[in-house]
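Just the one chain here, laid out as structure tokens, in the form predicted alone.
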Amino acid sequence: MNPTENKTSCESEINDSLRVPLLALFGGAALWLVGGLLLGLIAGIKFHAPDFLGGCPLFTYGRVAPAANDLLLYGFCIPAALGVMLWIFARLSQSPLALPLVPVVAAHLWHLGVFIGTAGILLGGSTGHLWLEYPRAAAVLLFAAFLLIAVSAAATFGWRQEKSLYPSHWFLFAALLWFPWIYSTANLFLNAHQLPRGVVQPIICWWFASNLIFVWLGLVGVGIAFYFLPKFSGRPLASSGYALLGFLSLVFFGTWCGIPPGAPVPAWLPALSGVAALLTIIPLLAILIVAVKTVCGASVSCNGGPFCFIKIGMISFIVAGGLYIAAACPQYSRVLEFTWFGAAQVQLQLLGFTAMILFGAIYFLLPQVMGRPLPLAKFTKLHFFLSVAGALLLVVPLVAAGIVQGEKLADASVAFADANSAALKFLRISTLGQLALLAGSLLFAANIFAMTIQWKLGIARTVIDYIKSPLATAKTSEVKS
């Protein structure tokens, strides 16, 4: 067998081992994405139409808003990211996925946990802690499912044929270790029978939220982007030294962030958190340098394909990091704290950065794994433009609403109700962004489910043809011999 045939055989084995796990992860993620954006749209409408679904207690703002955010994070971002990570580990290892049945079981456990958790929030069983609203039963399922997928990914990494490490390995393998640590620690403290007293609870919650939204999603998104940018641009990843600097500084400084400057805690905690947040400009600049040097000058057209999603995702990461630093500065936090500005930064991190990176990666890898083109390939370009327009219409008005609201809250002569009502016109614009994002998610889900249906129909045809095929008789066997 020549090297080309050997490489083709290896890729075929890798794709065969990944097909079912990725469909299980991506299918549920696409469904939860649509559900999360739909609930987010309901929550947004309630600000300028309070009577909307007012007779149904399941859809009060206090239940719909956290359910929407958790669906976007736990329902879409994390399982989709885990699927892409499995594919990258297998491709970089040049070996099939280890223990391929384990991620399939884990994917179903994860989606079951998301369903139980979302139902618990809508039925009034939320824990009340930010990004930890899921009840204990759902949290246990999510933790167990993540560990199972991490075992498969780590085994694939350990059995790799290519021993040299790529920068994506640093980011993604750290993410495999980071989530179980922060998720188990926060749940053991905040969802235990003996809760910590006083301000310890919000400190733990702020620490967890910062590590999850800024650090973990940053590790995953940048690690995936560093794999795909060289592939699209046709050149190696530039400046591995800057990539290492970005990785180490993001892990070190990002861990200390999250406590608001105006938090009612000992003064050294928000001061240390603010300094660490300011120093996160180091990983942002290092990652920006690597991405620009890798892509700049490459003869690749950006016409709404996977490359465009990755580029917009990296731009959103830098912008979201800038907003994160601005919110941590005492000079600006006096105006921006307790406003829509924080929600704008989180939504940009989720929908502008992480979701864009994952969309581009899935659109690229899924046809390779399935061995067939996307059934609705024309939807990809439309999805890109809807996602970009939706993210802009969602985030920019929320930033403006936060600034206007903060300035009025700082003015003692302005009533609290008047300060909140000043943001309504911006919230109406953000609703248009939510509609655009929801429409784009429907196109994405349509491609995923159409691909899954085609694959299942192909299996059914193969089984039927095998059953209908005539059996070889003894006489025929003797003639052939």
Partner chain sequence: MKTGISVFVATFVALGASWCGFVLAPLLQLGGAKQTVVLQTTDNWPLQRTGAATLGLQVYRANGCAACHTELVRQTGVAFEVLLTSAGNNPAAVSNLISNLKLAGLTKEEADDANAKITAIGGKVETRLTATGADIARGWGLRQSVAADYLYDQPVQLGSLRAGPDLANIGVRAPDLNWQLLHLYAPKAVNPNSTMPSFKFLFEVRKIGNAPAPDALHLPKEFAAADGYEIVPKPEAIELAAYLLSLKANQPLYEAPFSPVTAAK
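Numbering follows the first chain given and starts at 1. This one's a predicted model, so the numbers in the text were calculated from it and none came from an experiment.
The same protein has a further form, the form predicted together with its partner chain, not shown here; the description that follows concerns it.
Colleague: Taking Asn187, Ala327 and Gly458 together, does each of them reach its partner chain in the model of the complex with some heavy atom inside 4.5 Å?
Modeller: No residue of the spot touches its partner chain in the model of the complex.
Colleague: Just one stretch in 406-414, 368-376, 104-112, 278-286 has heavy atoms within 4.5 Å of its partner chain in the model of the complex, so which one is it?
Modeller: Answer to the contact question: 406-414.
Colleague: Only one of Leu269, Val396, Val319, Leu350 has a non-hydrogen atom within 4.5 angstroms of its partner chain in the model of the complex; which is it?
Modeller: Contact residue from the list: Leu269.
Colleague: Counting non-hydrogen atoms within 4.5 angstroms of its partner chain in the model of the complex, say which of Phe364, Phe143, Trp256, Phe232 makes the cut.
Modeller: Going through each option in turn, the one that passes is Trp256.
Colleague: How about Leu99: is it within 4.5 Å of its partner chain in the model of the complex, going by heavy atoms?
Modeller: Because no heavy atom of Leu99 falls inside 4.5 Å of its partner chain in the model of the complex, the answer is no.
Colleague: Would Val199 sit within 4.5 Å of its partner chain in the model of the complex, counting heavy atoms only?
Modeller: Residue-level check for Val199: yes, a contact with its partner chain.
Colleague: I'd like to check something about Ile204: if you look in the model of the complex, is any of its heavy atoms closer than or equal to 4.5 Å to a heavy atom of its partner chain?
Modeller: Yes, Ile204 sits close enough to its partner chain in the model of the complex that at least one of its heavy atoms falls within 4.5 Å.
Colleague: Is there a heavy atom of Gly125 no more than 4.5 Å from a heavy atom of its partner chain in the model of the complex?
Modeller: Contact with its partner chain, yes.
Colleague: Taking heavy atoms and a 4.5 Å limit, what residues of 231-267 are near its partner chain in the model of the complex?
Modeller: Leu244, Phe247, Leu248, Val251, Phe252, Thr255, Trp256, Cys257, Ile259, Gly262, Pro264, Pro266, in sequence order.
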